[in-house]
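Shown below, as structure tokens, is a lone chain in the form predicted alone; questions about how it binds or moves come after it.
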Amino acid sequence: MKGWMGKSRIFFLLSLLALLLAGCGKENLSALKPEGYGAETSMDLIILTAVIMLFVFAVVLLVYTIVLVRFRKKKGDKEFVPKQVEGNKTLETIWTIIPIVLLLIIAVPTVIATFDLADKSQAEEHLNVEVTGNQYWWHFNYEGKKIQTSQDLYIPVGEKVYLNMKSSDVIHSFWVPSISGKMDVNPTNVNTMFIKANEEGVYYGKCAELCGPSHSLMDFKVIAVSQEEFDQWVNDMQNVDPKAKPGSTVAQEGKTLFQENNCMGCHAIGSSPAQVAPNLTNFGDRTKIAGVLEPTKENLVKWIMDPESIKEGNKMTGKYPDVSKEEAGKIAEYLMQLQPSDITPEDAKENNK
């Protein structure tokens, strides 16, 4: 008896723990608040599947209750063997057909949605972005527009944007739960999907495929703005001058240090196609440093001096000479002033309120 009670307690505790863990997560990374075409399609399928499962559960529970009440053995009843129905063709047919019908109700819309979300027939009529997954950041090349950027993907609201995705190293998975589903990003082939945001705003994304020790820190953002604002952002990005002189003396010294320490060997500012490290053209407008830190000068100095302590396994570690805290501060001052456009994630957040 004690053994049975012990197992029951363990089962109860594990069930409670599973329930608590099911509620863990971030509010801005939920597929249950769809704000885009792909997410709405997925939500429709989730609701359809849930309704069917609840229907099956209710029917099974009802039958179980009827059998339990009506056919339970009562005190004084004689022992008897219930009538056996094995081999009953009618019953066998019924409980074979019903699951098939239910599966078809789920499968047909799912297959239709899968082909719809993978449809590339209109790609040439819309904006195309080449997406490259790297450990542990994302690179975006706006095809035909000579714009290279990283971590923040700007798109026009209400328009389809086709993403042609490939990995530079291991398998990643592109996922913006509030506006789209997931798509694997492989090193051997290009996978294409489209995203479409219904409203202006900042939508948070993550890599959804275990890709290394800092997989959980491989965040990015999709910033949806009006078509007019997007056109302005494109124009601003296309007219960036990498040789432009920073406004302050400290930033000028930081730029010199940035070049002397061979940072430009991996990073790029402007339309350079270099993808060894994140493009820094609009670094000062980003809402996160390295995808995880608040955008302050102090945090940037920490990242420059010891990136390994923040993002384990990143490819920046050990690729440049050691710099003093003062030098890192000057480089940070230069990077923080890289703000080529008035269109920023903060503007999109305000529009989405």
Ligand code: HEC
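Keep in mind that this is a model prediction, so the values were computed, not measured. In this text, residue numbers run from 1 along the sequence as written.
FYI, the form predicted together with this ligand isn't displayed, but the following is about it.
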Indicate whether the candidate residues 263, 277 and 288 are all in contact with this ligand in the predicted bound form, with contact defined as any heavy atom within 4.5 Å. yes
Should residue 304 be classed as touching this ligand in the predicted bound form when contacts are defined as heavy atoms within 4.5 Å? yes
With a cut-off of 4.5 Å between heavy atoms, is residue 297 one of the residues that contacts this ligand in the predicted bound form? no
Whether residue 194 contacts this ligand in the predicted bound form should be assessed with a 4.5 Å heavy atom distance threshold; does it? no
Under a 4.5 Å heavy atom criterion, is residue 316 part of the interface with this ligand in the predicted bound form? yes
Out of 160, 166, 221, 267, which one falls within 4.5 Å of this ligand in the predicted bound form, going by heavy atoms? 267
Only one of 74 to 82, 226 to 234, 241 to 249, 255 to 263 has residues with a heavy atom within 4.5 Å of this ligand in the predicted bound form, and that stretch is 255 to 263
At a 4.5 angstroms cut-off on non-hydrogen atoms, which residues of 130 to 158 are near this ligand in the predicted bound form? List them in order. 135, 136, 137, 151
